[in-house]
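Consider the single chain below, provided in structure tokens and representing the form predicted on its own.
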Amino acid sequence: MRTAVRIRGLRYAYPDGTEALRGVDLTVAEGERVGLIGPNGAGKTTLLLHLNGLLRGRGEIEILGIPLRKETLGEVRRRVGLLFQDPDAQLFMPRVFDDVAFGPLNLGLDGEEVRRRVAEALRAVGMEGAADRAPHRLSFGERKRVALATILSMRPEILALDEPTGNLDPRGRREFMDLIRGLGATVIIATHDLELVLELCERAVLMDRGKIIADGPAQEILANPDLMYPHGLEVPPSLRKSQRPL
């Protein structure tokens, strides 16, 4: 199986000197769905931002065999789609169509292909009737969908999703999870939604204070109180029920 992401010795400190990543090693195979879990400040979002070069630390990163460097940045960003936690950080055009078309246009695609990709991406997220609407007039959940469409229109091979179900109501959360489940890409999800990880990810990576603490089958890691509690997490309710004595 081809390696989608390979990270070796990744370190990153913010301008104030705070160490956000302290020697991270991580390999993700093509087609895997991996959940990044950990308390606030663990380094999850910082790690995602390195996957397409929005942040540049010290260490080695390869995306589908391509070393991440200044000269390969454009190629890497075509292969990695990054979904921000706040959709308003991703939507800045007057119409939904323009936001979703922005990436394909910057690839130099012709108008017909751009329109095809926009229609395909909006259909994939259930927003096909919203092309002419203003993003700021959409609900939060609808903006989340459109933000995902802006990524899908680029046809990335790897999706890096930061808190994709954050601030969604229960119905919106379920619908967004169904969207993620149907995507045929390598998916890395940074989230506090541990039930989402159980449902969607076969593998979990527990981070704390910029380091990887544990990496393995999601069910095993999330069910282990000796791993979860010392790092500010709790065993999800569905697993706590299964652990109750008869």
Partner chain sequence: MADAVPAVGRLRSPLRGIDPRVRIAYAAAFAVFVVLTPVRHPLQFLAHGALVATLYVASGLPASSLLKRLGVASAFVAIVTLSAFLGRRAEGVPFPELALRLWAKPLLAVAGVTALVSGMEGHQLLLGLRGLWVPRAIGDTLLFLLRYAPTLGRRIAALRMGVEARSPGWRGLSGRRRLLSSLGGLVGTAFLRSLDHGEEVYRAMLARGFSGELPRPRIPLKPRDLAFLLAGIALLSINLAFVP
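Residue numbers count along the first chain shown, from 1. Just so you know, these numbers come straight off a predicted model, no measurement behind them.
We do not show the form predicted together with its partner chain, though everything after this point is about it.
By the 4.5 Å heavy atom rule, the three marked residues 86, 94 and 103 all count as contacting its partner chain in the predicted complex.
Just one of 127, 154, 168, 158 comes within 4.5 Å of its partner chain in the predicted complex, counting any heavy atom, and that one is 154. Of the residues given (61, 218, 49, 28), 49 alone sits with a heavy atom within 4.5 Å of its partner chain in the predicted complex.
In the predicted complex, its partner chain stays beyond 4.5 Å of every heavy atom belonging to residue 163. In the predicted complex, its partner chain lies farther than 4.5 Å from every heavy atom of residue 66.
The shortest heavy atom separation between residue 82 and its partner chain in the predicted complex is within 4.5 Å. At the 4.5 Å threshold, heavy atoms of residue 71 stay clear of its partner chain in the predicted complex, well away from it.
For the stretch 124-139, the set of residues having any non-hydrogen atom within 4.5 angstroms of its partner chain in the predicted complex comprises 132, 133, 134, 135, 136, 137, in sequence order.
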